[in-house]
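Below, in structure tokens: the form predicted alone, a single chain.
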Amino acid sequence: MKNKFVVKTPPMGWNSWNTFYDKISEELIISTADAMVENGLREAGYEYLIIDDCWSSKERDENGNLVADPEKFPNGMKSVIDYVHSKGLKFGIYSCCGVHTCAKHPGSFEHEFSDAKQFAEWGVDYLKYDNCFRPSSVPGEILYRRMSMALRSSGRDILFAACQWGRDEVHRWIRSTGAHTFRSTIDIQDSWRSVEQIANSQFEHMYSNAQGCFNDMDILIVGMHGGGFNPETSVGGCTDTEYQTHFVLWAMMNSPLIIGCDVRNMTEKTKEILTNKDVIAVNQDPDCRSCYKLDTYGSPDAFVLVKPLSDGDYAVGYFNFGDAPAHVELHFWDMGLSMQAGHGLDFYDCLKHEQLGVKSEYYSATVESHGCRLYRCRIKEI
């Protein structure tokens, strides 16, 4: 391996944790792989199928190797991974930098190189690496650096997803460890307040996103509707409007788009949100530039995010975190476009998929409670 692997845009995929918790199995992974293909998720860009905690036995074998739980995975992990690959998908697995994982299965502390080699031999493409039960005397920076080195020497390109929860000023050092993504927040819950809290906590860290290492705002809750086996995540659910806003926020802020609902039983609206090509294109823009936040006129709970795109366009999101409809007004001067320039912005609605025409000086819209609008704008001479 020549270690040329670079994450050029935020990873996209599916993770078992939000909905299935410890209720994972060979049958679940196989049927989910089938559903990702049949429902158009693979075609939309969701390429990683990631199994989270609770996949392994509670003890390592006599040689110190991790062992897939024989009741959940009677044919072993390699067989499951081979099936996922046969569907044109990539496979992700879970471990932890501590002595135990968060669910008290074996962690990779002092087993980093042997575990990385085992994952490579199985054909793993992605490692989510959690932060539970680590020795208090060892800095997290050392532990993530160590696993990164182990993966780089494993003989296989494996995406390294550091799940560090935003502790220890992770934004300042995680890129230097070699990690490709890093969790920057507490665990998400299936509620609007959780989405709002996480987004608000990350506006000041938008600069941290760039090619090669992306700020992971946690697994998407779109389409969960209060369901699932995870008592920490499944706390009531959101409306489709709130799920839409959640998805657009994550896309605009360059977060990995990792689905957490049961993709085998999605509603049509959930599928529509998750496969919106115009929104995904904003997240997957090759320049991976951070957006900036602008205050707006009309409501203290509303704001605008602006993201420069690689083709000269701008992604412009109108957001309303308030509990009533809000008038959101963007003055183009705040983007740097004055009237004297003789140019306006040609608006395309990414949620309704329709052209709105060229606007000059400003553009306003009424945004429903907890709702959003997303536009792709091009500078045009007036």
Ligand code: GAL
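This is a predicted model, so every value here is computed, not measured. Don't overthink the numbering: it's just position in the shown sequence, from 1.
There is another form of the same protein, the form predicted together with the named molecule; it is not shown, and what comes next is about it.
Enquirer: Can you pick out, from Cys288, Ala103, Leu294, Ala120, the residue that has a heavy atom within 4.5 Å of the named molecule in the model of the complex?
Expert: Only one listed residue qualifies here, and that residue is Ala103.
Enquirer: Just to confirm, with a 4.5 Å cut-off on non-hydrogen atoms, which of Trp250, Tyr94, Phe214, Tyr243 contacts the named molecule in the model of the complex?
Expert: Checked against the cut-off, the match is Tyr94.
Enquirer: With the cut-off set at 4.5 Å between non-hydrogen atoms, does Asp82 touch the named molecule in the model of the complex?
Expert: Heavy-atom contact with the named molecule at 4.5 Å: absent for Asp82.
Enquirer: Would Phe20 count as a contact of the named molecule in the model of the complex, using a 4.5 angstroms cut-off between non-hydrogen atoms?
Expert: Although the named molecule is absent here, Phe20 would stay clear of it in the model of the complex, with no heavy atoms inside 4.5 Å.
Enquirer: Although the partner isn't part of this model, could you tell me whether His180 comes within 4.5 Å of the named molecule in the model of the complex, counting any heavy atom of the residue?
Expert: No.
Enquirer: Is Asp125 close to the named molecule in the model of the complex, meaning a heavy atom pair under 4.5 Å apart or at it?
Expert: So Asp125 does not count as contacting the named molecule.
Enquirer: Would you mind picking out the stretch of 190 to 198, 257 to 265, 308 to 316, 161 to 169 that comes within 4.5 angstroms of the named molecule in the model of the complex, counting non-hydrogen atoms?
Expert: In the other structure, the partner sits against 161 to 169.
Enquirer: Hey, which residues along 33 to 68 are within 4.5 angstroms of the named molecule in the model of the complex, non-hydrogen atoms only?
Expert: Heavy-atom contacts within 4.5 Å come from Asp52, Asp53.
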